[in-house]
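Only one chain is shown below, in structure tokens, and it's the form predicted on its own.
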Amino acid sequence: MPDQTGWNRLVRSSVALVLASVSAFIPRYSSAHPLQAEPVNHPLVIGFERFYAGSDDETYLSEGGFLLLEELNCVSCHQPPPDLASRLSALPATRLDGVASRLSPIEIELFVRNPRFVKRDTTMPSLFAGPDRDLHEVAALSAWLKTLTADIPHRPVGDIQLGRALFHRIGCVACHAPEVGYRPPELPEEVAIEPVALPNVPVDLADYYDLDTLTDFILRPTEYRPSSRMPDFGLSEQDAIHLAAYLRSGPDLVLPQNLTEALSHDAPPADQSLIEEGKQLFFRKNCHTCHEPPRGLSSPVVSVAIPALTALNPDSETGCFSARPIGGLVPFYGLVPAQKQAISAALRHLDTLRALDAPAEMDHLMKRLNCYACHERGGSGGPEFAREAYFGYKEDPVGATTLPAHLPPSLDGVGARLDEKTLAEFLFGPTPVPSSRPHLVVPMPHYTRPVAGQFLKFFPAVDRASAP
């Protein structure tokens, strides 16, 4: 719990946010909140950011390129060779069902026009940021998306202080930025907390989702994002309500008035013909290669000539590598040089991927899912030193005051220690799974089988083969 001085500071720096669904106000922090973490101005793939750099040896950098080919969904459009199709899997994009109940009409329009305006770190490319932008197509696609509504349960407003404490104790800061100045209550006063250095996964969607939507997302993240990049922590509804209240308490995002007016003014009437045109554009613009068609919408046969992965020129500076939007069906990602180098290296080293053994494939999957944010294995990963103080414990058993006991366990030898049923329970549920470290506050999150099912093969295959 925050101390009284911290609470007074929060009260002094707060402003009011009117909630449309309840007659209540939630204070908004004016500084230090995770929403104010240093932004990333390129597609953020956290496993690449932590383990690869443009200065790396090309063969090693190609491994980071394989990661990007999957996480940026390059392989959704550019078909990999048949023998590599099972090893270069696309990232299931955010489900669009109910998107109009999560985002406002203006926000939907902005996402369609240029996703990076909404999320500077997004891996979603833009198809309408080029000089040939067709505003009628933007309006049509937006009009259709605005019809995709869903019922989101209304829940009471949570306690910001409880949410703040939860955010910093249950493992959120393994991936997301901690609040600057927050000190875990049990941390000795003489222990300094260093600023984090590794990249943070932004929490900026808290600016766009209202309290009910954000709470529902925290409770069911893999229903919104089947990629499991935000796994399911199995939190109680009460904890999710408190977390949402804290995340929504950051500084308000205010769109420029002239931008809001311009978007509203330019929008043609959303009649049924425009909506139907937007539905067809979803397929003609290849959106369905990343986003699963919403429920009830069948995918027509769409023939778009896109070169296979092996036909791409690794040294190209155009197409998806372009520094400026090209338009047409060419997506604009805004890649930085290190990402381009890595993808180029991967295209030149596809044979390296064919030669990967089980330990290398498991390492690749752990980087994709950011398992290394919490767990160490084989001398790699584990929480960044500056984040270790945020891993809490419920009680003080023998050994819990030593630093390693605060942290999620090493995964060395886990495939030899656990049978497949127990390993599956840890990965996929049910909740809660009995823990070997019951004093830890941090729960083991759950993933979906399509995303993490390979671990059931990799861990036993690698660890039992090397067991004495």
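Please read all numbers here as calculations on a predicted model, not as lab measurements. A residue's number is simply how far along the shown sequence it sits, counting from 1.
Separately, the form predicted together with a small molecule exists; it is not shown, and the next lines address it.
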*Given that the partner is absent here, state which listed stretch (187 to 195, 153 to 161, 138 to 146, 292 to 300) has heavy atoms within 4.5 Å of the small molecule in the predicted bound form.*
138 to 146
*in the predicted bound form, do T352, V462 and S466 all put a heavy atom within 4.5 Å of the small molecule?*
no
_When the contact criterion is heavy atoms within 4.5 Å, does Y447 count as touching the small molecule in the predicted bound form?_
yes
*Applying a 4.5 Å heavy atom distance criterion, does F51 contact the small molecule in the predicted bound form?*
no
_Partner contact for A323 in the predicted bound form: the small molecule, 4.5 angstroms, heavy atom_ = no
*Look up in the predicted bound form whether V414 has a non-hydrogen atom within 4.5 angstroms of the small molecule, and give yes or no.*
yes
*Of these, A338, L103, I275, L84, which has a heavy atom no more than 4.5 Å from the small molecule in the predicted bound form?*
L103
*May I ask you to choose, among L88, L235, A129, A165, the residue with a heavy atom within 4.5 Å of the small molecule in the predicted bound form?*
L235
